[in-house]
Each structure stands twice: as structure tokens, then as C-alpha cells.
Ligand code: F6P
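The chain that follows stands alone, in the form predicted alone, written as C-alpha cells.
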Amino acid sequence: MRVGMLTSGGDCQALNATMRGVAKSLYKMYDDVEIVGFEDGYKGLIYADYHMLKSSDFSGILTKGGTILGTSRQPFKLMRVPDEFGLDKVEAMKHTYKKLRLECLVVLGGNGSQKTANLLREEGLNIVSLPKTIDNDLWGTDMTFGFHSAVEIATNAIDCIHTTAASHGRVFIVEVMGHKVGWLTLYAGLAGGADIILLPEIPYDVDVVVNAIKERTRQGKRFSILAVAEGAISKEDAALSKKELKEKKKNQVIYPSVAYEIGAMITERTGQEVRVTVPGHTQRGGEPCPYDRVLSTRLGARAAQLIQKQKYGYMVSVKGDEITEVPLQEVAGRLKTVDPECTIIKEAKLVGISFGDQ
């Protein structure tokens, strides 16, 4: 039994823990198993950059962040485009797979990685994938590994801001990762006690945001904290086409990010001092939280089980408290976004959190 393994896309805290779950289960199932580790994601598969992993490589990595295999971003839209030397990437990946006589390729990755995994499935390779992303935006699974670890870090950033915000009586904006989907900002904002949460899925009205801050001031509260997703968008911009939005941005002041733009608008309308904090890639770093260690171990074990059953072409997923699987073709290219009408949004509004929409 020879299995390939790679970690693709942005890193996160529980990649090593998940690989460990797969490997330990395979070693338990088979007397003779070889695991081939491809370096730097699909890049390693394309250019046959790999090494044989030993059982000792999976010891002591349950709590280790990052990935022992390295990772890189290989955009799905460029997978069918030859590289600078004219190499057909898809054919190269198939060649490497067959040359090494792999029984299966295990892919740990997010949206783009799952699309490429499905492409390889369509090309006839045996694929089992695992749901990795701090954004929790993969369709077909209730939870992704890495999400809760990132929530803890983003929440801690908001917690730390609370004391200085209260001391100085300022408005603070904490910009949380999430270009297209706001699960991370939503959970961190709720856990950190943010007063206003702005998500990509709920276009904001800056006047509504300002009125929420003014209302807090009227109630005698000296500070306000906003948790803002990096992909948050105003109602005006959301109504524009991509072309119109690009044209509009050409004639505007260029801000480092959306948080700074929102901060400038708040200062202009209220006269209050606004400070911006961007935790950035710290949200991907550090050790996985206990929840992710447990989840990753379970996901990894299920992936090994699928390999044992020769049940290929699936992504391991979470449904409620159970670990199951979903066909890759159903996952690829689909995002799990925050529904503006979902119960968690309604409950947040009940406790007084503003989403800038009303």
C-alpha cells in the first residue's frame, strides 16, 4: 500500500495533526504501508518533488502548527495553463502519481485545492480529500479544521483591544481574515463581545454603523469595537458591477484595507478617534486548539478508512457530531457562506450587535 499526501493553499494550525491522524490509522490497518509526502502542495506533485515519510515523522506533530510538508498556492484557474517551460501541469501530476504507483492521493486543502482534487479525480486518479481552511467556507461540511484555532486567535485580539479601548474611550476596528465569507469574523466578533460586526455577506450602510456608535455614546459607553471582515463591502459598492467598482476605486483615496477606509468614514462623521488593528497571519499561526486536535484526528482516521475500503473521490466532512464523507464533485467550486437570515445572525442582533444593515 503506497499513499501520497500533500497540503495545499494557505496553511493553518491543524494540518500536521490531520496528517498524523491519516498516517497513524494507516499504519494500524496495514503491515506494509508507504506514505509519500509531496513538498509545497500541488507544486511537489507537478515537479515530482517528494520524499518518503517514516512513522517517526508523524510523532510529536499533533500540537505543531504549520505543515511538515510545506505548502503553496497553485491557482485552479491556471492548472490547465502550461508553465513557463510549456509543461502540462495536469499531465505532469498524473505522470508523477503513476510513476510512484500510488494507490491513492490524500489532499488537505481549501476551496481551490478541492477543485484541483476533483479535477484529478475526473482524470482517473484515486483521491481522498480533507477539509482545511480557517474560513470554514467549504460546502458539504459543517466544520473545517483550522477554523476554531483561528477563532481563538482573532477572539484574543478583540479581548486585548477591549482594555485599551475602554481606557482611552476610542473606537477600535479589528480586521479579521475572510475575503468572501464571514464565518471567522462572526464567531470571533461574538466571542470577543464586538459591538458591530461587518461581514461580506451583509453589505453595510456606514450611516447605520455611525448611528450604532453614537447610540453607545448616548448610553454613556466610552468606546466601541468593530469586528470587520477583510472582505466587508458597503451597500453602494455591492450594488455595482465588478467593472463599475474597479472604475470607482480608481478615483478614490487608496486605503491599506477596508478597516482603514471604514475608520476614516467614522472619524469624518463623528470626530472620534479610530484605531485599526489587523491580526493578519497570526490567525493562521501557532498551535492548534484542543477542538481542532480532536477534529483532525477523527477526520484523518476516516480518510484512512475510506482508503481501506477503496472508496475514492470523496472529501471527509463533518455533519453534526458525526464524521462522514461527501462526493468531491458536489464540493468543488461551491462556497458555504453566512446566510444573513440564519439563526446565529438573528440571535446576535437580539443581544444588540449591529451588522451595519439596519
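The structure displayed is predicted, hence computed values, not measured ones. Position 1 is the first residue in the sequence shown; the rest follow in order.
Quick note: we don't show the form predicted together with 6-O-phosphono-beta-D-fructofuranose (F6P), though the next part is all about it.
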| query | finding |
| --- | --- |
| Of Thr116, Thr133, Ser224, Ser149, the one that lies within 4.5 Å of 6-O-phosphono-beta-D-fructofuranose (F6P) in the model of the complex (heavy atoms) | Thr133 |
| One residue of Pro288, Gly189, Gly178, Gly109 in contact with 6-O-phosphono-beta-D-fructofuranose (F6P), assessed in the model of the complex (non-hydrogen atom, 4.5 angstroms) | Gly178 |
| Candidate stretches 88-96, 280-288, 245-253, 121-129 - the one whose heavy atoms come within 4.5 Å of 6-O-phosphono-beta-D-fructofuranose (F6P) in the model of the complex | 280-288 |
| Arg73: touches 6-O-phosphono-beta-D-fructofuranose (F6P) in the model of the complex, heavy atom cutoff 4.5 angstroms | yes |
| Touches 6-O-phosphono-beta-D-fructofuranose (F6P) in the model of the complex: Glu230 (any heavy atom, 4.5 Å) | yes |
